[in-house]
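The same protein chain appears twice below, in two forms, each given on its own as C-alpha cells and labelled structure 1 and structure 2.
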Structure 1
Amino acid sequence: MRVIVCVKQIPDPEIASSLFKVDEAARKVIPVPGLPMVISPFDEQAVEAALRIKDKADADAVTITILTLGPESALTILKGALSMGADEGVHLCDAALEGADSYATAVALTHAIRKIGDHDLILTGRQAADWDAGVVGCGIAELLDIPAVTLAKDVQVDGPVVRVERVAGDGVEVVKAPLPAVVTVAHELGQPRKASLRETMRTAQKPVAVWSAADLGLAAGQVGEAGSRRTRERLYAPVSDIFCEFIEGETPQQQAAALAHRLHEDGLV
C-alpha cells in the first residue's frame, strides 16, 4: 500500500503579521529577509495521519511518500517529514513551477502522483496555513477523477475502503470511500509526533527524487504563474482605523438613551 502525502513550505505562522509588506502595484507579498520557513501545520498532521495508518499495519506493507513543490529550501520540510517516519520523498523544484495558484499547483502535483505510480491514498492538509484557500487537495481528486473527503479528524484504511471521521458544523460524521481517494486532514486529528532519533539518523539514507516540470511532461506554460487561472485584482494590507467615542450621561438610563440615539443616527439600529 502506498500513501502519498502532499506538504507545503510556508512562512512561520508565529511571525508577527506587521513584518510582512505588500507591493500593491505588483500585487505580491514582499519576502522578509531571513524569515523562517516551516511545514504548513495542517500538512504536518496529514503526515501524522499517514504514520498512524502505517502503525496499525505491517510496517513493510505501507510506503509513505512525501511530495512537495517549492524552491530548494523546501527540501528542509521534506526531510523533516522523513525524520517523522515517512519512507521516501519527491521534490518538485523548478523555476517554471514558481508563482502557481491553486489550480497550477494541483496540476503539477497530479502529474507527479501519476509519475510516482500506483498509489492507494493521497493525504493533504485541509488548507495551507499561508493563503488558506483549501482547494488543492480537492483539485487533485478532480484531476485524478477519484473521491475526495475533506476535514478528516481520523483516517482508517480497511481493505479497499478508507473510513474517515470528518468534522461537521455540528459534530462529526463518518464517510467511507473506495480507494484510491484523496483525504484532507484537519487539526482535530491531534498533535503530530516529534521526529525520533532513529528516524532522523535514517533520513540521509531515504531516497529523495528531484523532478522538474519537464520531468513531469509539462510545458512551462502549463504550470507556475503562466499556467495559473487566478486573476488577482488587488492585494493590499488593510488599514484599521479605530475611533472611540464616549457616551455622556449622568445616569445609566441617560447613557443608554444617548447610545441608542447615536446608533440610530448611524443607521445601526
Structure 2
Amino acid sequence: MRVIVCVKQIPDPEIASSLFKVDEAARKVIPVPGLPMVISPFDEQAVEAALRIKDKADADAVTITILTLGPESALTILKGALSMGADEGVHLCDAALEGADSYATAVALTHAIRKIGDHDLILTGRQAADWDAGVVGCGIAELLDIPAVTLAKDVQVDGPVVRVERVAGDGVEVVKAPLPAVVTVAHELGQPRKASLRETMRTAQKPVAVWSAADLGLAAGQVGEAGSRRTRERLYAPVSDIFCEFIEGETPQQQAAALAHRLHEDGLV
C-alpha cells in the first residue's frame, strides 16, 4: 500500500506578529532574516498519521511517499519527513510552478500523484498555515474523482477502506470511505513524532525524485501564477486600533476592584 503525504514549506507561523512584514508592492511576505522555513504544522501531523498507519501494519507493506511543491529549500522539509520515517520523496521544483494559487497547486500535485502511479491514500494538512486556505486536499480529490474526508483526528486503514474520526464541532464523526481517498488532517490528531536517529541515518539512502512541470506533462500556462484562477490584488498587515486602558492598583485586590468597577460602569457586568 502506498500513502502519499503532501507537505508544504512555509515561514514559521508562530512568529511574533511584530516580525510579520509584507512587501505591499510585490504582494509578498518578507522573510524574517535568520528564521528558518518550516513544514506547515498540519502537514507534519499528516506525516505522523501516515507513520501511525505504517506502525500498525507490516512495515514493508506500507510505502510512505512525501510530495512537496516548492523551491529548492523545500528539500529540507522533505528530508525532515524522511527522517521521521517516511520512505521516499518527490520534489516538484521548477520556477514555472511558483506563485501558484490553490487551483494550480492542486493541478500540479494531482499530476505528480498520477505519475507516482499506484496510491491508496493521500494525506494533506487541513490547511497550509501560510495562506490558511484549506483547499488543495479537496481539490486533489475532485481532480482524481475520489472521495475526500476532511479534519481527521484519527486515520485507520482496514483493507480497501479508510476509517476516519473527524472533528465535527463539539463532537466526533466517524466515516468510512473506499480507497483510494484523500484525507485532510487536523491539529487534534496530536503531536507528531521527532526525527529518529535511525531514520535520519537512513535518509541519505532514501530516494528523492525531482520533477519539473515538463516532467508532469504540464505546459507553463497550466501551472504557477499563469495557471492560477485567482489574482492577489493586495496584501497588507492589518493594524488593531483598539486603545487599551490599563487598570492601575497597588495590589491585585485594588486592581480587581477597579476592573470590576469599570466593567460595571460600561455595562459589561
Partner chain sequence: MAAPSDILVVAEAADGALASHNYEVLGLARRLADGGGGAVAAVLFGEDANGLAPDLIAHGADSVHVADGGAFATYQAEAWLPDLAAIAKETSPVAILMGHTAMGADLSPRLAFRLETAVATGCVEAEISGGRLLLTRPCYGGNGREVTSFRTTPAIATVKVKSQEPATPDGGRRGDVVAVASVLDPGDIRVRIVGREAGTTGSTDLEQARVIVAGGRGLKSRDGFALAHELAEVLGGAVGASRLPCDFGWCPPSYQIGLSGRIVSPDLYLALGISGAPQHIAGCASARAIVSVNTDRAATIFGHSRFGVIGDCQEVVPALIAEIRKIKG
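Rigid core here is just the name for the largest C-alpha set that superposes within 1.5 Å across the two forms. Quick note, the numbers are simply positions in structure 1, starting from 1. Keep in mind it's a predicted model, so treat the numbers as computed, not measured.
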| query | finding |
| --- | --- |
| Answer for which single form is the form predicted alone | 1 |
| Core superposition result - C-alpha of residue 242, shift between the two structures, Å | 2.6 |
